[in-house]
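Before any questions on binding or motion, here is one chain by itself as structure tokens, the form predicted alone.
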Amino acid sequence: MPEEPKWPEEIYRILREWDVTQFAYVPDAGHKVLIARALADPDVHAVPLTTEEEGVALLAGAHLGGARGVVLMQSSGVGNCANMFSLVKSGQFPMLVLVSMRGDFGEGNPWQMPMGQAAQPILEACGFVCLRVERPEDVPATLQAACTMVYKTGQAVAVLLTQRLIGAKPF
């Protein structure tokens, strides 16, 4: 069995350094380490969502309550959120979304291709800055940059964890 990659642990460590205490997620293999760490950490709230757009409302509430959060979703969930993402820009609240990408490098599932290709343009149309991560060594700097942009300047940022990073799934 292959060894688990170290970059998800690095993401969790950085998020906790930035005092992120709200982890909203839809179960996803690409985020399994982050979800497991959040569930095991007594100092954070890991909130399973029935649909991704609930995460937007959860992070808006967290911000209004003085807490920091992150939404973990797969690229297929981005399409579910387009309407709610418009509230981020209108409400001018910080939003960090970590997106495990499908439909890019080496995708073998034809059903993942359309939304995987549309995710970044949708996010950008909704006012998000998109930062793509292709290699494990780029994870720390990219996540630090995203956290600075979100938690210091109030921006909406999506970190796209590409299939080159997480690995393409066979179909």
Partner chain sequence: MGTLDRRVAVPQLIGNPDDFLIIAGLAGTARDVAHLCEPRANYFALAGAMGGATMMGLGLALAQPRRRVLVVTGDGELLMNVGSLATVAVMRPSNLAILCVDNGHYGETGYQKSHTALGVDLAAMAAGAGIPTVRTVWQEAELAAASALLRQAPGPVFVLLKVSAGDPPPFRRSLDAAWAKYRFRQALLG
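Nothing here was measured: the structure is a model prediction, and the numbers come from that model. Positions refer to the first chain, counted from 1.
What follows is about the form predicted together with the partner chain, which we do not show.
Among residues of the shown chain, Gln22 is one whose heavy atoms approach the partner chain to within 4.5 Å in the predicted complex.
Taking the partner from elsewhere, Lys32 is found to have every heavy atom lying beyond 4.5 Å of the partner chain in the predicted complex. Among residues of the shown chain, Ala125 is not one whose heavy atoms approach the partner chain to within 4.5 Å in the predicted complex. Put simply, Arg135 is far from the partner chain in the predicted complex: not one heavy atom of it is within 4.5 Å. Comparing 65-73, 138-146, 99-107, 114-122 against the partner chain in the predicted complex, the single stretch with non-hydrogen atoms within 4.5 angstroms of it is 65-73.
Scanning 13-49 for heavy atoms within 4.5 Å of the partner chain in the predicted complex gives Gln22, His45, Ala46, Val47, Pro48, Leu49 in sequence order.
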